[in-house]
Every structure is written in C-alpha cells, then in structure tokens.
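Take a look at this single chain in structure tokens; it is the form predicted alone.
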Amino acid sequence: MKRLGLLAVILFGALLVYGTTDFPDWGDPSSPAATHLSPYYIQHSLHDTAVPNIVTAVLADYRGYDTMFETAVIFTAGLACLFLLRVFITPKETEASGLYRHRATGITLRIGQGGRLPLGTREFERIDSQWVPYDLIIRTACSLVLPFIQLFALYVVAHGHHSPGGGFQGGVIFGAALILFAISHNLRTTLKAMPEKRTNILTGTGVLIYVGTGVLCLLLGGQFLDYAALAGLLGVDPVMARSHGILIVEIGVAIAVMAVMVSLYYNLASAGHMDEGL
C-alpha cells in the first residue's frame, strides 16, 4: 500500500511539473493575465468597488469565488486536524486525572483516572505536566499588550480596503493574541475564556458568513456574491454596496482563520486531551 501511494504521488507530481511548462514566462508582459486582467483591475477597481486597495478588491470581489473556497479549505483542514488530533474522553475522566500541587507545601501528586485527592480540592491546585511557576512580570506584560494586539487585528480587518490587510491577516493576528494569552497563562484558563465548543462553532460561522452573503445576494435578485444586490438593503448605491459586501466577507474570513488557529493550538498543546498543556 505504501508503494502504491508513493507511486501515485510521483505520477501526480510529474504531471503537475509537466503542466508548468505551458505557463507563460515569469513577468511576461504579453501573457493573458497581463494583457487582459491586470489592466482592467488597475483602471476600474476603484470605480467598480470604491475600494482603493486593488488587492482586496480582486480577492474579495472579482475573485470572490476563489477566496470563498480558500476559506472553505481552511475550515476543512481545521476539521481534519480536529479528527486526527483530538482524543475524546468523558468530562469525569478529565476532572479525575492529572497533576495536583498542594498549595501550602508545593508537593505535587499525580492522580490517575478514577482517583481521589487525599485532602479537599481547595487544598490543591491543578497544574500541567509541564508546569511553569506563576510569573507576575510575564502575565502582567502580556495582559497589557493583548488588548492592543486585538485592536490592531480589528484594524487590519476593517482597514483592508485602504491598506495592506484583510480577513486572513487580521484573523491570524487575532488568533496569535489568543495563543499568546494561553502561553502566558495556561491552557485551562484560555479554555474558560474561549471554550473549545465555541471555537469550533466560530470556525463554521466564518464560512457561513461568507456563503450566506452570496446566498443573500441571490435572494435579493442578484448573482451569487454580487454585492451590488445589497444596495437596497444597506441603503447605499451599488458601488458602495460592493465595498460593504467585501467588508462583510472579510469579517467571515477573519473569524474562520482565527478559530482554526486557536483550535489547532488547543489540540497540539494538549496532545488532543484538552486537559493540560502549555
């Protein structure tokens, strides 16, 4: 079976490499993309979409289908990693097993599944197997920096029309902020602030916002992802409606990217158990 898989990879890889021979040369000004598409985008994107950033106009409007399926790929990849990495155990097993540190003496005990603490639960603090002592400086510094990182992430999403940014970049920054919180504190504290169930729901919600915007355009009499159809609903002209539609789908992309990043960290940091980790 391994040999058959290796053969399939080699054959498909050779086919893909052979297909690149038909591509135009790098930077060829006479290529179809440079001759037909690029001049139109450069000359008409601002007039068509009221978006000064040509990249955002191309990705979220002219190539809206492509970006939608890119978001769907991120969702599918996150879902596949969840099925591969997640170890499903009952809540009772999660609560009963683990490492506990006695608050007064600092003695650490390992309790197996179904075990009980020798003293009351208030006497012990549950810790991770790779436990790092409480550090006031790290936690305080991260707590001060995190709001600014999250605010910058929102700025990147909202200002992607006018400067480099957008849903993918803003989602990554926001996800990195949550991961920084988890590293500076611990996994369980992060799970209380952003539970695993909520993260998984947000992963699908981001994709639904993107697809739902396209379906709404259909219901309003336009084509799928033709944001101009939202003009009557938003109370603006069709050109500005395309600008607002781009922002809506960018928000969906940001939510999906952020949620997938956090979900991957949860599973990798805890080896899929969600009970202890970095």
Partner chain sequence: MTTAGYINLIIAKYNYWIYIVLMCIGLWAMIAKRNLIKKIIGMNILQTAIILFYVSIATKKGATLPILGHHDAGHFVDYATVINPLPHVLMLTAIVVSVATLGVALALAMKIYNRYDTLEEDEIHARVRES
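Take the two forms, superpose them, and find the largest set of C-alpha atoms that agree within 1.5 Å; that set is the rigid core. Positions refer to the first chain, counted from 1. Source: prediction; values computed, not measured.
There is also a form predicted together with the partner chain; it is not shown, and the following applies to it.
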item	value
The unique member of 142, 207, 74, 194 whose heavy atoms fall within 4.5 Å of the partner chain in the predicted complex	74
Heavy atom contact within 4.5 Å of the partner chain in the predicted complex, the stretch among 50-58, 227-235, 211-219, 240-248	50-58
Contact test in the predicted complex: residue 223 vs the partner chain, heavy atoms, 4.5 Å	no
Partner contact for residue 181 in the predicted complex: the partner chain, 4.5 angstroms, heavy atom	no
Close approach of residue 81 to the partner chain in the predicted complex, 4.5 Å, heavy atom	yes
Interface membership of residue 200, the partner chain in the predicted complex, 4.5 Å heavy atom rule	no
Contact set, 145-183 vs the partner chain in the predicted complex - heavy atom within 4.5 angstroms	162, 163, 164, 168, 169
Core-superposed comparison between this form and the one not shown, residue 235 Cα displacement 2 Å or beyond	no
Yes/no, residue 30 Cα shift of 2 Å or more between this form and the one not shown with rigid core fixed	yes
